[in-house]
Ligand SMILES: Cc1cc2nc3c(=O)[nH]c(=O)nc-3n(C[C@H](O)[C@H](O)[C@H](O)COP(=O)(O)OP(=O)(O)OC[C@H]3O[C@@H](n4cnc5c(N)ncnc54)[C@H](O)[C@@H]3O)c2cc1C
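In structure tokens, one chain follows: the form predicted alone.
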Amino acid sequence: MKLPVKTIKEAARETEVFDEADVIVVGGGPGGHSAAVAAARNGAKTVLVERYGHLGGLATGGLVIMLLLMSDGTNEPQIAGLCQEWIDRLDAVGGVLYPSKEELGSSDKDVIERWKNVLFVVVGGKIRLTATVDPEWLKGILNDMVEEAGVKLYLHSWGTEAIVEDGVVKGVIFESKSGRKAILGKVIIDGTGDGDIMASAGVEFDDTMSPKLRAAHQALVFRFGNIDFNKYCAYKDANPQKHRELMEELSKLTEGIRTLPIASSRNDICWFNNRIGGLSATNIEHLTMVEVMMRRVMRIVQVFYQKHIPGFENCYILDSASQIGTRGGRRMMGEYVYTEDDMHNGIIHDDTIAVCPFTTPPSYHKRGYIPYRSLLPKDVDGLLVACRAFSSDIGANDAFNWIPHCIAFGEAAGTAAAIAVKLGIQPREVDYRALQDLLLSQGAILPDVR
């Protein structure tokens, strides 16, 4: 029997209008950051509200330091634009590891051998464009991009709800050390990852999860320093059976949580992704459990690797993520729900704003074509969604909610918002052909579409 929920009555209050802008973006992760930069570069007065003290979301604070699978096994990338700008800026300071343009699509045995130990570069026997980044350099570079574009940035500010009048989102409320404040805008972009703003605006969403899918798993990523990753790889390759036995032994100590090291952009640093399944990204008890459990597991892993694994003899815990690794949450039910059928049948939508390579076998060389309508709510105006909460079913979302994909969604949403502001129209009224033209001029790639 479900017990009644105990409630209290809060006092009514007036909230200060702290700022006003053309475009307000809530969430400074890959999607939100890209939306803000794109909107500002296209002439919109833009405000970006971010709950942490840094930008980049899971790509930086989450230590998910991989822009993975931006190509489909051919010799050309499908995701570029602002995603490529991240790589180019990092490359200029030695903060990224990725295969060359000439290596893309290669099945040459020497090229495969060179990249086989870097996760998601060799997929299906072909070289794919995957970039491993330095998260601290990336934090600074993302700040630079925001400042150069003229975005007004508020860090340590948690966007909590939409301000809605007559079915139109007119602004957002945020909480911070400065108190509860309001910002008013003409177009609001939800880049929170879990669709916090769109949900508060009354937009229909689905948050059901299949425990079998990646999206239902959470992680707390951590990194080790003072290692020799090449030495570790040589040992693992030469002693596969012994390595498996050691990992099985470690798994018993970590309650079955898989903890294999992943290459970083430096040989002396590696990172450990992990998975704890069947959890909700919007349940604070689940989030708390992952934080506590994984910081216990992290210490067990460090002692075990130092004692048993060549290359880790003098390793230490470098850091653990300041942001928990959630992989899926709310999914907007928008103007168009992008489905697994769309994905597997390669449906090319006229209003495609991002072409996304498949990330999982057996469809190595297929592409998904995400329509602009999947960034738009059905019955609410003044709002775009530029994150993994894009309108999609659970299977399609699980395949296309990765960091580079969200960067592409964000760039499209920010560009569309700037067009809407300039023309004095709602985002749903934006001409998708004009939007595509602007995206292409900004370096995006829309193969098979335009």
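Position 1 is the first residue in the sequence shown; the rest follow in order. The structure presented is a predicted model; accordingly, all values stated were derived computationally and were not measured.
The next section is about a form of this same protein that is not shown, the form predicted in complex with the named molecule.
- Exactly one of the stretches 229-237, 280-288, 296-304, 190-198 approaches the named molecule in the predicted complex with heavy atoms within 4.5 Å, and it is 190-198.
- Proximity of G57 to the named molecule in the predicted complex: non-hydrogen atoms within 4.5 Å are present.
- Taking the partner from elsewhere, G414 is found to have every heavy atom lying beyond 4.5 Å of the named molecule in the predicted complex.
- Taking the partner from the other structure, the named molecule in the predicted complex has no heavy atom within 4.5 Å of any heavy atom of A40.
- Using a 4.5 Å cutoff between non-hydrogen atoms, Y369 does not count as a contact of the named molecule in the predicted complex.
- A heavy atom within 4.5 Å of the named molecule in the predicted complex is found for exactly one of V49, A44, A399, A420: V49.
- For the stretch 367-405, the set of residues having any non-hydrogen atom within 4.5 angstroms of the named molecule in the predicted complex comprises C387, R388, N401, W402, I403, P404, in sequence order.
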